[in-house]
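What follows is a single chain, given as structure tokens, in the form predicted alone.
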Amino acid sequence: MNSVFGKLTPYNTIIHRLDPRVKIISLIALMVMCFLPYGNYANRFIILGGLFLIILFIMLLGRVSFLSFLKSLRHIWFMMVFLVIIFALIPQAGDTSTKHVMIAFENGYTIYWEGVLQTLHISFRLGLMLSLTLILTSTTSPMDLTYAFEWFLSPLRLIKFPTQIISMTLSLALRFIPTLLSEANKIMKAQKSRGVDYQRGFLGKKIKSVTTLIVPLLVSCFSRSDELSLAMNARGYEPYEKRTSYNILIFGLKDVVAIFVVLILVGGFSTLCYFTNNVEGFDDMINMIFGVATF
């Protein structure tokens, strides 16, 4: 969980001090920029490469560990293999006369460059999304994220939607994720000391071994949830009463500047998307500047 979603690093950087609402909006905006159609594959990789450099600069500002980002990439290898099977190894349908042959076998089976490039393109997008998520979770505490989500849900109060209950549920879930992971680690070590092997054996044996972890973990979850409910009742918690927050989110000058920078980036990448799809000669210009093939 820590390698995929990141772990809060309590530094006093400008990224850490930004309002969590600004960071969530920026995250969504930059993710949308990752999925814009930038014309041919040469344009896509060049423009997404520029976006990656911007994200890398943000990681440096927030002192986010690049090693954690590399570790998070380990968990998408299965997706990459699956994409290779779909786009590169499965025969391509439709008109193949306009596609570029990579490998042509004697039995008539052909692998095209477009399939390989599509796999790399989607994997690149996934890597960018993981890096953006890592920045958010490494520079924002779970409680701040909860306050931000509650603020985004606040318009639903007009239709009597229980936003406070949803935010409380979300904060409890985020709070207990590391606790349950720690509990699972303790149970696993205890079961290993009793001779349970989680690594070796066939699939059926591994499933049977996992049950020795799941059952005690579920019992611990129910026990902790019962203790939590009793503690909340003892403190007089009423879910449908109006509640106040200890931390009040306030937009500052740095948040306005951050939103302005994000708007500039969105406008710039949207303009590139328009030029790559509607302006003739743009591909030739890219080919002349970078010396890349524009198929």
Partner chain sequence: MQIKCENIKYIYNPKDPNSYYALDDISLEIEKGDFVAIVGKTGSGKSTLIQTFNGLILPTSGYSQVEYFYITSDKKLFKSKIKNLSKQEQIDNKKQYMLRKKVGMVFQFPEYQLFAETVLKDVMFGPRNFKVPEEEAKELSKKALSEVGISEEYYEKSPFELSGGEKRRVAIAGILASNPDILILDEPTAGLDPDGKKDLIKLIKEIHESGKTVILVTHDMDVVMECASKVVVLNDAKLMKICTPEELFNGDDFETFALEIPTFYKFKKMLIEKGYKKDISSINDFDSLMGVLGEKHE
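Note that the coordinates shown come from a computational prediction; the quantities given were computed from them, not determined experimentally. Positions refer to the first chain, counted from 1.
Here the subject shifts to the form predicted in complex with the partner chain, a form of this protein not shown in this document.
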| property | result |
| --- | --- |
| Residue (of Arg157, Arg74, Lys192, Lys206) lying close to the partner chain in the model of the complex, criterion heavy atoms within 4.5 Å | Lys192 |
| The partner chain: the contacting residue among Val219, Ile86, Ala104, Met79 in the model of the complex [heavy atom, 4.5 Å] | Val219 |
| Partner-proximal stretch of 210-218, 132-140, 117-125, 149-157 relative to the partner chain in the model of the complex, 4.5 angstroms, heavy atom | 210-218 |
| In the model of the complex, Ala184 touching the partner chain (heavy atom, 4.5 Å) | no |
| is_contact(Leu145, the partner chain) in the model of the complex, heavy atom dist at most 4.5 Å | no |
| Partner contact for Ile111 in the model of the complex: the partner chain, 4.5 angstroms, heavy atom | no |
| Proximity of Leu170 to the partner chain in the model of the complex, heavy atoms at 4.5 Å | no |
